[in-house]
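Just the one chain here, the form predicted on its own, laid out as C-alpha cells.
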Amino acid sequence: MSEILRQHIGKFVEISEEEFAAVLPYFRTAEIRKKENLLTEGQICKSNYFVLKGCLRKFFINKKGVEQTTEFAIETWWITDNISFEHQTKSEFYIQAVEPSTILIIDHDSQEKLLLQHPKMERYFRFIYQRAYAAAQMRIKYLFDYSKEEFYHSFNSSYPDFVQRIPQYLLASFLGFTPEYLSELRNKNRS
C-alpha cells in the first residue's frame, strides 16, 4: 500500500527508494469503517489523511441541523481541516468515511518534522495544497456562476465515475441541492 503514496509523491517530486524509506515512518496506516468519524466538530484536527482505498468526506452541520458536505477524498487524495490542523484549534467540521477505507495518517508534529528534515516533501505538500486551493476556487466559481443544473452537468461530465460511486444524498449535499432536486435532474437527463 505504501507504493501508492510513493507513486503519488513521484508525480510531483523526484524521490529515491532511500528517501522514501526515510519518509515512510512518519505515517501510520489505519482501516476505517463506513461512517466512522476521524474528526468531529469541537475536536482539534491533529492529522492529515491520505486515502489509499475508499472515500472520506468533510462536512459541517448547519444552523438548521442539516449536514453540508464541503469536500470528498478518494484514492490518492488528501483531506484534513486545514484551519484546525495548521493552527491546532477546535474544528468546525467532521471527517467521516463514506466507504470502508484504508488511509495513511500523519499527525501535525510528524508532518512538521517531516517537512523540516525532508525538503522534497515540503515541495510535494506545496503542490498538494496549491491543487486543493485551485479546486476550491473553481467550486466557488461554479456555485456563483452556474445554475444548479449547469453545476450538476459540469460536475457529472468532469467526474462521471465519482458521481456514480457516491450516494445520492451526499452528492446532493456537496452540490448544495436537496436529494429530491438531484433526483429530478437525473430523471430529466434520462428522458
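Residues carry their position along the shown sequence, with the first being 1. The structure presented is a predicted model; accordingly, all values stated were derived computationally and were not measured.
The next section is about a form of this same protein that is not shown, the form predicted together with a further copy of the same chain.
Candidate stretches 49-57, 160-168, 26-34, 120-128 - the one whose heavy atoms come within 4.5 Å of a further copy of the same chain in the predicted complex:
Going through the listed ranges, the match is 120-128.
Test of understanding: in the predicted complex, would Gln137 fall inside 4.5 Å of a further copy of the same chain by heavy atoms?
Result yes; Gln137 sits at the interface with a further copy of the same chain in the predicted complex.
Considering only heavy atoms, tell me if Asn82 and a further copy of the same chain come within 4.5 Å of each other in the predicted complex.
Yes.
When the contact criterion is heavy atoms within 4.5 Å, does Gly10 count as touching a further copy of the same chain in the predicted complex?
No, Gly10 sits far enough from a further copy of the same chain in the predicted complex that none of its heavy atoms falls within 4.5 Å.
Contact with a further copy of the same chain in the predicted complex for Val98, defined as at least one heavy atom pair within 4.5 Å: yes or no?
Val98 lies outside the contact set for a further copy of the same chain.
Tell me whether Leu116, Asp145 and Phe174, taken together, all sit within 4.5 Å of a further copy of the same chain in the predicted complex, counting heavy atoms only.
Result yes, every residue of the spot touches a further copy of the same chain.
For the stretch 88-115, I need every residue with any heavy atom inside 4.5 Å of a further copy of the same chain in the predicted complex, listed N to C.
Read in sequence order, the residues that approach a further copy of the same chain (within 4.5 Å, in the predicted complex) are Glu92, Phe93, Glu112, Leu115.
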